[in-house]
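Let's start with one chain on its own, the form predicted alone, as structure tokens.
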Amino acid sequence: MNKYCIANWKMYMDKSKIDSYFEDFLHRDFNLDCKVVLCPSSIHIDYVNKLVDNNNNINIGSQDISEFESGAYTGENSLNMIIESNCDYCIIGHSERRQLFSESDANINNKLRLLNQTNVIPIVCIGETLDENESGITRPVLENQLKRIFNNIDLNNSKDCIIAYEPIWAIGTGKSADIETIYSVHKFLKNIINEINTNNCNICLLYGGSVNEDNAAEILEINEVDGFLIGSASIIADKFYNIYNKF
């Protein structure tokens, strides 16, 4: 099973911050059995790709794609566009897309269907809100999300498919789910994944939500966790690299 340490830079990084980030980051050792993926804003994908061009241990991903192949969709980025920019990975269904831009499981299903036709590896985000968590319906919420997103998709078994569990109440709050919760939810998710037509695809299950240098090692001790999708901690090069070194 592949391990992943994925950075979602969101809308934090301009070119000057990217330049500062890479001042010594690119010269560090990335020899662990863990794939590093950086996901910059779409406007900076080509720029970051040029900076990491000679480093085969660092991969580039997109933070999203349009569910439409092409057309009059102002501000959107098509799958073909991110392929032209040499993205090997793509995040879809992030909670901020769901909450702020009203994306549905059906929208995410359309995006996964497009990605499934290519070599770009999807990073599918799922997670429950604080109200859902406190109401004790985390598991049915996650099960419904998974089954709707993967509905009628015959997964491409020539590549990984990444699912990132990110409890929405833990994203950017500094409050990570406790170890027992992460273990039990990931165990539950792996059982649900087995009910989906995975077509023998290699499914990697990541955790996200206030992952940091202090809790990363303990979370990685959970057998059901195959890595991290990291937000705010990933925009500081030292913090992200220190988390990577926990693998």
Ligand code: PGA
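A residue's number is simply how far along the shown sequence it sits, counting from 1. This one's a predicted model, so the numbers in the text were calculated from it and none came from an experiment.
Absent from the display: the form predicted in complex with this ligand. The rest refers to it.
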> Pick from 89 to 97, 132 to 140, 149 to 157, 104 to 112: which stretch has a heavy atom within 4.5 Å of this ligand in the model of the complex?
Replying inline: 89 to 97
>> Please tell me which of L206, C39, I65, V211 lies within 4.5 Å of this ligand in the model of the complex, judged by heavy atoms.
In response: V211
> Is the gap between I171 and this ligand in the model of the complex 4.5 Å or less for some heavy atom pair?
Replying inline: yes
> Hey, in the model of the complex, does K239 get a heavy atom within 4.5 angstroms of this ligand?
Replying inline: no
> Hey, in the model of the complex, is K17 touching this ligand, heavy atoms inside 4.5 Å?
Replying inline: no
> Going by heavy atoms, what in 221 to 246 lies within 4.5 angstroms of this ligand in the model of the complex?
Replying inline: L229, I230, G231, S232
